[in-house]
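Below: one protein chain in two forms, given as structure tokens, structure 1 then structure 2.
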Structure 1
Amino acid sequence: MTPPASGTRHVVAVLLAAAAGGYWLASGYYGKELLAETAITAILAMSLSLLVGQAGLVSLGHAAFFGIGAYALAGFGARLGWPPALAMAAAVATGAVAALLVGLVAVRLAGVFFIMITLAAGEMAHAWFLKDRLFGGVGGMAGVPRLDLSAIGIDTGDPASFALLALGVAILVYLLLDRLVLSPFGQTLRAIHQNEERARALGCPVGRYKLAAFVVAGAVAALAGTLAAQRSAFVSPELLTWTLSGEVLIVVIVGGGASLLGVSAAAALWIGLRHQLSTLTDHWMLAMGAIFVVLVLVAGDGIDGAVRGLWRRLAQRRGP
């Protein structure tokens, strides 16, 4: 629940970054693609971690903001022809506004209702892009531009460079969210998570804080979405599906909920596992559903304790 404020997390962060760097050096074309995908998933998972792990808000519609970020980049960058950097910034802002609109309704409701509203809002956004004509409906739209960094000698069209770019953004997001988590704002979110009634009695306008967390998480998810759209140069309604929301939630649970580094490591684990599974079978979502159910079942108090709960149970089995 309380984040590790010790310096050890810096060591872990450097180790994780070094591992990613090592993989970047050693891997071929496909590995670079995997690395970029991992970095993007890690950003998305870190944004959801802010909601689930810190504020205790379990969202089942987080992919919507990811997809909205991707589509907004396509809209500003490809349709309107804005420079990619400006389009990216505008896309992140769009994600924040979308999160504000959903959050205004959702944060008024607690627990199960919050889940219902986020799932419903996410699926509505998905349905919207299935039907729209501007971005090609079900078929999606190609031609999303990548960030132009030729001024500093980087060709983002190259998969190796793009993987580095995604990794760099992930590290920036980590540093930013780490700051946020350890700030009085982060502490207030944890206070609300642990005891909303008390937080309110101490003078905390609880709804406003939840909304702020929801908007920040939506903006960061949109940022991840802009990278996803750049990676494939393509957007489609697939980016907003509930299955993606579920996947990210699994990553967050496996990563320990509140730990940004934990969920980042879990993102790498998940991307690797998913590629293994999907080469084995077309029905890997079956396994994913089973993993999801098992994780939730073994979770102790609060789903962020899932992995700890699993270890505890395993230890008990082995014990006398």
Structure 2
Amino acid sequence: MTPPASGTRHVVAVLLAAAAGGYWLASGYYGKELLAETAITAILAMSLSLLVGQAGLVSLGHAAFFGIGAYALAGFGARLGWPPALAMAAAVATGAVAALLVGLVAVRLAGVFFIMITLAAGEMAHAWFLKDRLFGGVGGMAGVPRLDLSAIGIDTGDPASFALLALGVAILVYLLLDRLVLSPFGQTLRAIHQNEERARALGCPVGRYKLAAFVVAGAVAALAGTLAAQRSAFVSPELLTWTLSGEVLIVVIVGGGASLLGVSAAAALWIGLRHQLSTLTDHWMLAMGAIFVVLVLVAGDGIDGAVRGLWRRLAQRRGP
């Protein structure tokens, strides 16, 4: 569960950014929408990677914070009329507060009990927005405002510009989380993951570190939710379903768990396969499941493990 070497990480990061930029230049309207969706999914997956890969906390309710971020943006921006930038910041803060409230209970538990409490919290949030008339209930709510960046010549209403915005936010999130993972905080999380009892015996406040990771992950998930709400200008209870949490968890596992770049690549693979296979067959989920099972069997550590293995083989060929 250790992060890959810095040389490998930097090369892969540059390659992924270049591939995204090249796709943006070559794609049309539909491609720009796919790129924005991929960037948002990558942000959500990276937030869950902090929990699963670093702290060893497997959550099945992570989509709750994604949806809360989206609904909070709709509430502050569309209902209260706040400027989109201020509403977006408030929505991220709301996601962090929600994660704090859930985390105060959840981090006291471990294993299947942690999974079940996060699933229950996610289902409670989903049920709330299903019946909440202020935000349209099961029918959802339209009219979510986008960021106004016209002062710097960017029209976020244009799919191409919004795709670049989402991609830029994803890169910024990666850089910030990468620094966090490599910091003493991230090293402590990995120590807790590897041997919680030993870390506790050494005087580490395990609960506080787990709670801090949970809050950061919730805030980043809420950020992804604000971008998703702006992309479609619409929010609905579908943003909080446990199936979305399960999909993101699959992306994290396929990506390699602890690797931010691996889960970002897995997010691109997930979105690309989903859209391609859904045009070919109504049983596209079955086909995707088979592909990901084979991928995990071939590369036990997911995409991250496969890339690191390839890097080692290339290094061996170059010689000492």
Partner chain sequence: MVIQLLNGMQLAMLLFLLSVGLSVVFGLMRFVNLAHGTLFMLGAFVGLSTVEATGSFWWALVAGTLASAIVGGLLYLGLLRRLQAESPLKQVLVTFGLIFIGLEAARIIWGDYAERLPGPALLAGSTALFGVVYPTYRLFVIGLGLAVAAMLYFGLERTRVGAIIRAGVDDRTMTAALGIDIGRVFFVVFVLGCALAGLAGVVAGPVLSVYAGMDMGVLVLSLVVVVIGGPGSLKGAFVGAILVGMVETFGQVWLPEVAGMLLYGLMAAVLALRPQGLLPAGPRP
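Here, residue number means position along structure 1's sequence, counting from 1. Just so we're clear, the structure is a prediction, and the values are computed from it rather than from any experiment. Think of the rigid core as the biggest set of C-alphas that the two forms share within 1.5 Å after superposition.
Enquirer: Just one of these is the form predicted together with the partner chain; is it 1 or 2?
Expert: Structure 1, not 2.
Enquirer: Core aligned, does the CA of Ile271 move at least 2 Å between structure 1 and structure 2?
Expert: No: Ile271 shifts by under 2 Å between structure 1 and structure 2.
Enquirer: Core superposed, what is the CA shift for Leu280 between structure 1 and structure 2, in angstrom?
Expert: That residue's C-alpha sits 3.4 Å away in the other form.
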